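The chain below stands alone and is given in structure tokens; this is the form predicted on its own.
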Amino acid sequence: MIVSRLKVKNYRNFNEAEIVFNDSLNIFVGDNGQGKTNLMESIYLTSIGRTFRLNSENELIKFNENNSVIAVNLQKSNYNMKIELKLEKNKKKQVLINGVKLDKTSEMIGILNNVIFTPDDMKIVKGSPIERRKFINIDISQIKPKYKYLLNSYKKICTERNMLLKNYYIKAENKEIIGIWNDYLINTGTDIVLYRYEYVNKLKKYAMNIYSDISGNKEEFDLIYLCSFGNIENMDKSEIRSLFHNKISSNFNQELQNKTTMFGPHKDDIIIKINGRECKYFGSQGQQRSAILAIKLAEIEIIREETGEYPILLLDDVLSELDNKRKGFLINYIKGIQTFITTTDDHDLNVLTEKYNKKKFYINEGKIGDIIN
């Protein structure tokens, strides 16, 4: 999978820009606040349909403008494709694939597969369970189209069921229909858990080997899927469903008291361990960075396994977070993968990528300067 061209208009601090990319390595160089990450974000938007930064969609449109357009040309499975994303203030965004408008933005997910690595990804190791659920939800959605539908359904089910729990004693019919919503919750939740369990095990398989290489075979990496309603290891679908059902049944009075759904995929977590100890609490800064690096590179391998093609790799200012050993490991690993890197200082990168086929772009105040040879 290769992104060959990017065009943006009225996007962030760019009036209009067009870039033809190298099919190997592309480096955006410039001071902070000049637009490097904006370009990275625009590519991500055409893959996922939303930003990886905490901004509203209106903020993506250049100041004093009412609309914006982002378009990428890509080669996928020997086919040429074009993804366009159109933004208009206070209106729902539009996505077009080869000129055909999609009914739902979510339909674009999986067309342009990506793995993104930013300094904020350390939250996957050090942050709350919400960060880890968000991470696996995005990943699985790229390779399993049904998964995104299940997540949306499950969110609606939880909302409706929580309303029933809050008003359980107000209307007589609530007592009659709660069982129906329990079944919806259990059936949909079980499917989500199965997808996650399978994905985490694959992630563990690749990340264990990658982490071992990073540490020089001196440390052991482990990844555990923590299901909120019990241990599901080696269980089949019917066994997981039964476990979920029993948990809901035995804790129903407590849920009524708390007026919320207490168990299910919305409460799950992933535990990252180094040498048998939880990395979040006991890992050194170096171990935590090695863990997230191993996880991100494992993502690449899973997408390749599932789709038959490597995803694109987006590295937003992460080299400054890594020591020379980990920088070298990362740069060596990405051979054969189209990669986009942002950096304020390309001195070390020049040395590390001396023999790479690459293009470098100088970004200054929303303008793209001549390619640096």
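We number the residues from 1 along the sequence you see. This structure is a prediction, so every number in the text was calculated from the model and none was measured.
Below: the form predicted in complex with a small molecule, not depicted.
*Asks:* Quick one: in the predicted bound form, does every one of N13, R53 and F63 get a heavy atom within 4.5 Å of the small molecule?
*Replies:* Contact check passed for all of N13, R53 and F63.
*Asks:* Taking the small molecule as it sits in the predicted bound form, is N38 near enough to touch it, meaning that at least one heavy atom pair lies within 4.5 angstroms?
*Replies:* Yes, N38 sits close enough to the small molecule in the predicted bound form that at least one of its heavy atoms falls within 4.5 Å.
*Asks:* Mark N332 yes when one of its heavy atoms lies within 4.5 Å of a heavy atom of the small molecule in the predicted bound form, and no otherwise.
*Replies:* Looking in the predicted bound form, residue contacts with the small molecule do not include N332, since no heavy atom lies within 4.5 Å.
*Asks:* Does G336 reach the small molecule in the predicted bound form, with heavy atoms at most 4.5 Å apart?
*Replies:* No, G336 sits far enough from the small molecule in the predicted bound form that none of its heavy atoms falls within 4.5 Å.
*Asks:* Report whether the minimum heavy atom distance between E59 and the small molecule in the predicted bound form is within 4.5 Å.
*Replies:* Flag for E59 set to yes.
*Asks:* Please pick, from E309, D31, D348, D323, the one residue with any non-hydrogen atom lying within 4.5 angstroms of the small molecule in the predicted bound form.
*Replies:* The residue in contact is D31.
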